[in-house]
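Shown here is one chain on its own, the form predicted alone, set out as structure tokens.
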Amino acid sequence: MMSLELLLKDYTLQIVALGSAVLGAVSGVLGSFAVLRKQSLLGDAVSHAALPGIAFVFLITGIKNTEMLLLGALISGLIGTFMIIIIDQYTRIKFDSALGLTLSSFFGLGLVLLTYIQKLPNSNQAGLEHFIFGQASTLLKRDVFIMIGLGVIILLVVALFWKELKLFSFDPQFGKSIGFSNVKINVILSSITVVAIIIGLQSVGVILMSALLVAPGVAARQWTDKLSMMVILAALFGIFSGVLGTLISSLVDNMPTGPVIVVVISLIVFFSLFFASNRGIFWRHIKHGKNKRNINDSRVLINLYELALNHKDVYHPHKTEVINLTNNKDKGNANVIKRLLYLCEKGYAKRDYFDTWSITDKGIKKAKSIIDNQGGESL
């Protein structure tokens, strides 16, 4: 409640929360495609590649103008991205190796330049290190307007090339066979990803930006198999984590906003991994157990049906031991009895005296249906 009151009254907090929400939405949308293309580390490489650009611009201009610094980061990030694409397309080096090479080279150069800048007799250089870890509290109104403008452009590009991006993410070879240029689509997607990363450097920094780019898409993927729904969920997760992270950080003095945002979205990811209804580990375990029980129930019913066919009287009762002999995967009678009791509840079998069991007309019909469908139908 205290955070909500601050959000409604504190103008600075409103600016930071709005900027974080915009960044979360854009990161979620683009991160969905990175996750599907299995290129999640691209954001990590590009964000690290932006650091030398920031340092070079400061060395040339000697001033800390946010727009100029981000322009340098954009140019450096684009150069790093095109290097990755060129290495991947025209050499035998694999994509992950190209990412690692570019990331380490550019980040190393950036740290060297920042170290050199810190030794210059000019007090203006103080604060450039904030681009490494981010400092969302320094966002100004004009910074947020820039983020909103670039974010709208990025979303418009995604909407314009939706069909191509969808095809490129799921089946690039088919897209190439019908005339689409995978290289051009890759360049477009990589370029807008660079722009998204650049607008987030001031908030979460070089190191944590990759997490914000990937995590919403990973969380959304656990809840749906539809791309449009995945993109919407990823954007919502990004917005929620951005606003909530800003509110939480406002409650503690000197608490950095960027890391808190990443922690919030990470918690959403872990919750989704375990409890998502579509792919969550917990629900998947429940579904697996249910499917296993259905298979065992069907197997026991078929065993009972085959025993009935081999007897003059199809309704002749059979002992549990006899039924279990034909059920090789069930080692004990206890599990078979449990399955038979369930069949009795469904009306497929009937329990007679002296622990014997017989099939019913309904059970015969169901067993025939299962056999005719070759296992495609179960209980």
Partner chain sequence: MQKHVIEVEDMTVAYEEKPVLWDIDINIPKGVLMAIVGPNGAGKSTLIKAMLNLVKPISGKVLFNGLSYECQRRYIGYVPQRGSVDWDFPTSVLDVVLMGTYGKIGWIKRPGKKEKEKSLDAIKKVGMEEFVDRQISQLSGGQQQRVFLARALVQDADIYFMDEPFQGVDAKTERAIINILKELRLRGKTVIVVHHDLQTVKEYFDWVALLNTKLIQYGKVDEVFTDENLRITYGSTDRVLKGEV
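Everything numeric here is computed off the predicted structure, so don't read it as measured data. Residue numbers count along the first chain shown, from 1.
Keep in mind that the form predicted in complex with its partner chain is missing from the display, and what follows is about it.
Candidate from S191, N294, T138, S181 lying within 4.5 Å of its partner chain in the predicted complex - any heavy atom: After the contact test, the surviving option is S181.
Answer option from M230, I154, I302, L78, heavy atom within 4.5 Å of its partner chain in the predicted complex: By the 4.5 Å heavy-atom cutoff, the listed residue in contact is M230.
V314: touches its partner chain in the predicted complex, heavy atom cutoff 4.5 angstroms: No, V314 stays farther than 4.5 Å from its partner chain in the predicted complex.
Its partner chain contact at L36 in the predicted complex, heavy atom, 4.5 Å: L36: yes, in contact with its partner chain in the predicted complex.
Its partner chain contact in the predicted complex: V195, any heavy atom under 4.5 Å: Judged by the heavy-atom cut-off of 4.5 Å, V195 is well away from its partner chain in the predicted complex.
Interface membership of E306, its partner chain in the predicted complex, 4.5 Å heavy atom rule: No, E306 is distant from the partner.
Heavy atom of each of R92, F161 and F170 within 4.5 Å of its partner chain in the predicted complex: All of them do, each having a heavy atom within 4.5 Å of the partner.
Region of this chain that lies against its partner chain in the predicted complex, out of 141 to 149, 220 to 228, 195 to 203, 234 to 242 [heavy atom, 4.5 Å]: So the stretch in question is 220 to 228.
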